[in-house]
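As a starting point, one isolated chain is supplied in structure tokens, in the form predicted alone.
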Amino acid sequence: MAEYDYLIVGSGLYGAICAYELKKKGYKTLVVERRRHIGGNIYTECVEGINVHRYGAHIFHTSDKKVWDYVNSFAEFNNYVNCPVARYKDECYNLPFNMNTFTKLWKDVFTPAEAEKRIEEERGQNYVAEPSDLEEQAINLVGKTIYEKLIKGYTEKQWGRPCKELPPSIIKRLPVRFVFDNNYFNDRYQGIPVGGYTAIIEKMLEGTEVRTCCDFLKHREELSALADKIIYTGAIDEFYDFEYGALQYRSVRFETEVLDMPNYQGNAVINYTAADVPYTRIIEHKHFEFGNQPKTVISREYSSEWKKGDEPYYPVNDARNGELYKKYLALSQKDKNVFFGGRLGKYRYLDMDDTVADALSYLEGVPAKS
């Protein structure tokens, strides 16, 4: 008889929720984590009294009250609202694209009607009824000026590909508003957990055995023998030893430094949209929690093509990878005792609220242990 009911590979948000809910249902679980710490990519670490998002900015937002109430049961959330700024050379613009953006970009635009007219004029003969790539989709949405200043360079740095080679679906996530509103998200609820995300994961994993610095794939046979079932939140192609070839991801390198000043850039997130700036954005972590510490911590983010050994961050969800993922999905469906979850397990981008909802949906189908 196995020592554990479930082996959970990965201690990020998805894995931690599974551990917490399965424990409530009476199951004994073991969580193994390849990194030296729990929390996956939402891990936060206190530096100079500031909660630093070690793997990029994570702002919780959702319109699902059930999800919002669930995460608030583990922490108090502040009232941070995400209002990023885009810097193009010596110009700064508000994001998402809204009336503040348009009135600064075009000196003769003051009203929503004037902004819509200008964008319509900029579409001109470039409008495509059925966009086949990101460039066409972006110009359809906001015209050529905004595309060339605020989208093209940033997007090509982020994905490492010309916009003409990227699917139009990527840009559909970008909000465009004809009101003076800098709130990036349309969701009803939004905020940052007071004390950082790591504290949430710690509460979820309380009472569960966790082994950090433990690479499942290097000890697969030994670890698999410990449990009846496995919940795997790592990369699905890596689990199958890249049998059909590697799925493509984008990776991110973070260059973090402590600065001896109270305020570096005046905002939590500033995107650098010019192609000749090597990083995509700078995060100033203290502004997520309205900090007034004497020092500050910033992180520059550099996007790169993923290769084996790197940390995979963003799935490249184009047609080629979609077909390859289907092969791995079919393979996984033959493994009745292994369930794949999370961003890497399902090879799709998931916001944190999607991750919570997806995990809870899976666990609803798991009966309490008799």
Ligand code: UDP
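We number the residues from 1 along the sequence you see. Treat the numbers as computed from the prediction; the structure is a model and nothing was measured.
The same protein also exists as the form predicted in complex with this ligand; that form is not shown, yet it is the one meant from here on.
Three-residue candidate spot T208, F339 and Y362; no residue lies within 4.5 angstroms of this ligand in the model of the complex by any non-hydrogen atom. Taking the partner from elsewhere, V109 is found to have every heavy atom lying beyond 4.5 Å of this ligand in the model of the complex.
Contact annotation for Y314: at least one heavy atom lies within 4.5 Å of this ligand in the model of the complex. Taking the partner from elsewhere, R281 is found to have a heavy atom lying within 4.5 Å of this ligand in the model of the complex. For Y189, no non-hydrogen atom is located within 4.5 Å of this ligand in the model of the complex, even though that partner is not displayed. The stretch among 68-76, 270-278, 124-132, 240-248 whose residues place heavy atoms within 4.5 Å of this ligand in the model of the complex is 270-278. Between the options Y264, Y154, Y80, Y88, the residue in contact with this ligand in the model of the complex by a heavy atom within 4.5 angstroms is Y154.
Comment: this ligand is not present in this chain, but in the model of the complex one of L174, A227, L141, L105 has a heavy atom within 4.5 Å of it, namely L174.
Along 176-196, a single residue, Y184, places a heavy atom within 4.5 Å of this ligand in the model of the complex.
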